[in-house]
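One chain comes next, on its own, written out as structure tokens in the form predicted on its own.
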Amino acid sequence: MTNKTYELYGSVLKGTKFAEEHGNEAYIPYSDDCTALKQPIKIGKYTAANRIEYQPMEGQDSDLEGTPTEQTFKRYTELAKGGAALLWFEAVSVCQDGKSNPYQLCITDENVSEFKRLVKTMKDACKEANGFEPIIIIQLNHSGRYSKPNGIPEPITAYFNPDIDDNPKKIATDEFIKSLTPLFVKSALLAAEAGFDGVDIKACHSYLMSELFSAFDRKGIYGGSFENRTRFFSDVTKAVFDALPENIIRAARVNVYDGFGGKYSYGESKDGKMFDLTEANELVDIFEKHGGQLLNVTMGSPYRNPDVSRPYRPGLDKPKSDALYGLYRLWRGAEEIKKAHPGLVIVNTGISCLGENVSFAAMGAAKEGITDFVGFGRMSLAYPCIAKDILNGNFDPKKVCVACGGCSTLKKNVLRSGCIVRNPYYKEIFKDFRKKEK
């Protein structure tokens, strides 16, 4: 059942100019052979037991100080039991004013003991359920233009963007950006103290660090040239990676393409093709030079073009582009980055849009070597034990994510976020939200 093409899914790509241009390359690899997905892989001093990763998905269930709550523990215990060897912990803000919502996690001197207890709980739960300890990566971030620390937008932007800004926003000064580097270092050291196995410097989805990549017109040391636009990423990765203990995995989740179109869009191709990874590869060179080991490749923004960052099918709204085209673009980008940087361990994303076919695609991606880890995001919310079930041959298509966007709707409205279809807890939250809307 290998190399099934888009035809399997009835995609609108069949017979289009895109399909003709890409020929046999324009497909999602399918397989029913799980051998490659079960293979261990080394990341630094660690060995992951399999090739499945759960992506960072914000639950918005901390207290107002950013401390994990009982719901945070419940959610991550369930995920840890699910069988994925690599667990990418959700975005944790490096400061209060950089939170994406009032209930975003934020690691501090005061609550590091609770994070430590959470990490131990996750590791114990996975070991008891699966016989191994997972590798857990924490994601550190400043939300920038999407900061909402008090429940209302309080944007701190990299630059004024006339494509989306109708009036000037609060633009981060050079001094402000410089001041954030020590905060990333502080949070990273606290994460190491808490027992996380790796630290991710989040540089994606148009949050502050990612938005700077497209600051073509910005004045000062963080805008204009490629060196300036990537300076903050370079400064933070170097400072954090230099400060961390040797055994901690150095990681990043990076946008290699924005897909917005127009002048202020990173990675746009001038010849009409999907993307231009020239600058993205140079950015990854910087990451690798500073000691980077693990790279999670992504694109787009859940705020501006969710069909690019997380391809989805018609549900609560209608996507602007075909889901399979979006998945192919994501996987092709990750594959090209992997080929250009064979020394890095690569994670891809977007697979949840395949629904009942995800198991075949996961096995196919691992078998053909287009990625080192297959990353499940929304799917892990709907079907927390999907990794275990795929690896054991017990995959149940009735439990899959339907890619409806419900979890994102909850997040956007500053509510606890999870699967509104498969999880009764979040289903009730969504029902209450709809009632209040009416």
Ligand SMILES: Cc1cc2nc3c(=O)[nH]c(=O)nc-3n(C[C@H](O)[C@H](O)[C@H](O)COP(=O)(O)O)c2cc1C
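The first residue of the sequence shown is number 1, and the count goes up from there. Since this is a predicted model, take the numbers as computed values, not measurements.
Beyond what is shown, the protein has a form predicted in complex with the ligand; the following relates to that form.
Among the residues 253, 250, 145, 142, the one placing a heavy atom within 4.5 Å of the ligand in the predicted bound form is 253. Site annotation in the predicted bound form: the residue of 57, 382, 28, 391 reaching within 4.5 Å of the ligand with a heavy atom is 57. Put simply, residue 90 is close to the ligand in the predicted bound form: some heavy atom of it is within 4.5 Å.
Though the partner is left out of this view, residue 407 does reach within 4.5 Å of the ligand in the predicted bound form, counting heavy atoms only. At a distance threshold of 4.5 angstroms between non-hydrogen atoms, residue 411 is in contact with the ligand in the predicted bound form. With a 4.5 Å cutoff on heavy atoms, residue 51 does not count as touching the ligand in the predicted bound form; it lies far away. Annotated contact segment (heavy atom within 4.5 Å of the ligand in the predicted bound form): 199 to 207, selected among 212 to 220, 334 to 342, 238 to 246, 199 to 207. Residues of 217 to 237 are not found to place any heavy atom within 4.5 Å of the ligand in the predicted bound form.
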